[in-house]
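This document starts with one chain, in the form predicted alone, laid out as structure tokens.
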């Protein structure tokens, strides 16, 4: 059982308030959609949830089976975004194995190969990422985010750069995450997440 609780969250850049006083609680098998016009702070908000940025005030609390988790939170979170950087000089498989190594988890080449096959990159597992198209890199980001089987999956503009096949794969990934953990999606496209349990609207928040 995993819980994600946001309390009175606020973020300011250069004295400009991006958003403030955001509170929401999401539990296992629940979804959160984050919406708002361009510049409202959707990407900033999900970066804070993903532990990439720190809030100006407020807090993000993750609990597992009723116990507040205070360390190694990156092991509980998978994050996909258009601005996320991969290691271009490494192969696709090396990227996934590095992800496991950085999390001090068992390096599993078989799991990496299987996951690359699922996102239609099985035939390119030994190719350097620098040779990949933007759509292929987006597919690899999903594999990178899922290789450690995170209970919380956070997606910023989930269908960015994907073709029809890729969109279908991502929709299946999202459905599976909804069944087994927490899914957070930042998007203004209502078709990306038609069913959701909670919503944060950042429009007009500053």
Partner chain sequence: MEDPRKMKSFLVSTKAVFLKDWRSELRTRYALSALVMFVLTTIAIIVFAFGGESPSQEVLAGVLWVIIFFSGMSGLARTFVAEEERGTSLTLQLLSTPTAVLFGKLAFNVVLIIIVNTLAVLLFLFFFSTFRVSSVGLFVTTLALGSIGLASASTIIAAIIARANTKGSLFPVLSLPLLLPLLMTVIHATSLSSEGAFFSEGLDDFRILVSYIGAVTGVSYILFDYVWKD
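Remember, it's a predicted structure, so these values are computed and weren't measured experimentally. Residue numbers count along the first chain shown, from 1.
Absent from the display: the form predicted together with the partner chain. The rest refers to it.
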(request) May I ask whether 52, 74 and 94 each come within 4.5 Å of the partner chain in the model of the complex, counting any non-hydrogen atom? (result) yes
(message) Given the stretches 34 to 42, 157 to 165, 171 to 179, 64 to 72, which is the single one in contact with the partner chain in the model of the complex, using a heavy atom cutoff of 4.5 Å?
(response) 64 to 72
(request) May I ask you to state whether residue 101 is within 4.5 Å of the partner chain in the model of the complex, using heavy atom distances? (result) yes
(request) Mark residue 119 yes when one of its heavy atoms lies within 4.5 Å of a heavy atom of the partner chain in the model of the complex, and no otherwise. (result) no
(request) Considering only heavy atoms, tell me if residue 79 and the partner chain come within 4.5 Å of each other in the model of the complex. (result) yes
(message) Against the partner chain in the model of the complex, would residue 144 count as a contact residue? Criterion: heavy atoms within 4.5 Å.
(response) yes
